[in-house]
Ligand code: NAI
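In structure tokens, one chain follows: the form predicted alone.
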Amino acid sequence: MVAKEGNRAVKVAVFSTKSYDQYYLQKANRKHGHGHDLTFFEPRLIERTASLAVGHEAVCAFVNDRLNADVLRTLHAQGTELIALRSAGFNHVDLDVASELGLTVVRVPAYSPHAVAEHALALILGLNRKIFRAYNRVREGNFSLEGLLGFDLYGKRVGVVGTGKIGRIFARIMAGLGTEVLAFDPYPSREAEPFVRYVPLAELFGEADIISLHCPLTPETHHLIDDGAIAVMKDGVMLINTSRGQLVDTRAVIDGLKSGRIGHLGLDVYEEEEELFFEDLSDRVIRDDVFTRLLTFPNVLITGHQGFFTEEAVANIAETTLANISAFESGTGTIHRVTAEKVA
């Protein structure tokens, strides 16, 4: 990055804007004296909307914006120098092309790991105790307990795949509930060792009553949960994914649900979510047949990528995003840069 002289406002095009994005970004812009010129666009950033960013030095993008080669080249030709992601993940950015064009890409490495870990627990409890079915019954005056039988979490084995910040917090929560926590991570955390037992991945799949995914999406973890992985799991296993949708082969999971090998499925992410999540589609036909098949199972609970969605997390995302932009503009301060070679 070439440091810029002085402190001045940066023109920022913010895509995939919802009311909460605008509120928290404007609040952080005022609170911390950044003074950037924020222009909010509701549409996702894709090929046909990239022209909206003309004249903006920075583009602020979210997880379902498409920052492929064509979009990046359009942005660069229009004068954009900085891609500021308001997310931790960056697999939706072609980093090689960004580097080739001289575009700086920054991200929010951590916002509230507690938010996602707690949402994973919410999915577990909701599935186990059939909270969504019980709620609907009571609203209709039906107080029968038939079909609502759950199980004690105490004494169960919970498998945690990935023990980064979120995975460690989730593991600690589950240990506090009296479960035995098995963990797998290519880089074990000494911080987690007092409350987890590291095992090979195949052993975790075979022994855990509940499996929760907290690992990044990489070529090695793409479709980590596939037919082969499901085949070695315990009958009736509960599978939770609050990490990245493409960790799970959805068609394989559907087969697992049909066979009974997967007894409960909780998803906050979905591998083809970019056309679905964060939008109100209640008056439209959902054309994704795989997703609609998932919705037919009574033992599946899906939320629309809301695991991160707490007041604290959204505020932290806004503050870190604007701090990244200010650090890029001034050449001073902390900048969380992402390149094809390294992540900060």
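If you're wondering where the values come from, they're calculated on a predicted model, not measured in any experiment. Counting begins at 1, following the sequence as shown.
In what follows, reference is made to the form predicted in complex with the ligand, a form of this protein that is not presented.
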{"query": "Distance check, H264 to the ligand in the predicted bound form, heavy atom within 4.5 Å", "finding": "no"}
{"query": "Contact test in the predicted bound form: K234 vs the ligand, heavy atoms, 4.5 Å", "finding": "no"}
{"query": "Non-hydrogen atom contact G256 with the ligand in the predicted bound form at 4.5 angstroms", "finding": "no"}
{"query": "C215: touches the ligand in the predicted bound form, heavy atom cutoff 4.5 angstroms", "finding": "yes"}
{"query": "The ligand in the predicted bound form: contacting segment from 72-80, 139-147, 180-188, 125-133, heavy atom within 4.5 Å", "finding": "180-188"}
{"query": "Interface residue in the predicted bound form among V93, I225, V269, I211, criterion: non-hydrogen atom within 4.5 angstroms of the ligand", "finding": "V269"}
{"query": "Selected contact from V116, L239, V106, V248, since only one has a non-hydrogen atom within 4.5 angstroms of the ligand in the predicted bound form", "finding": "V116"}
{"query": "The ligand in the predicted bound form - contacting residues of 130-169, heavy atom within 4.5 Å", "finding": "V161, G162, T163, G164, K165, I166, G167"}
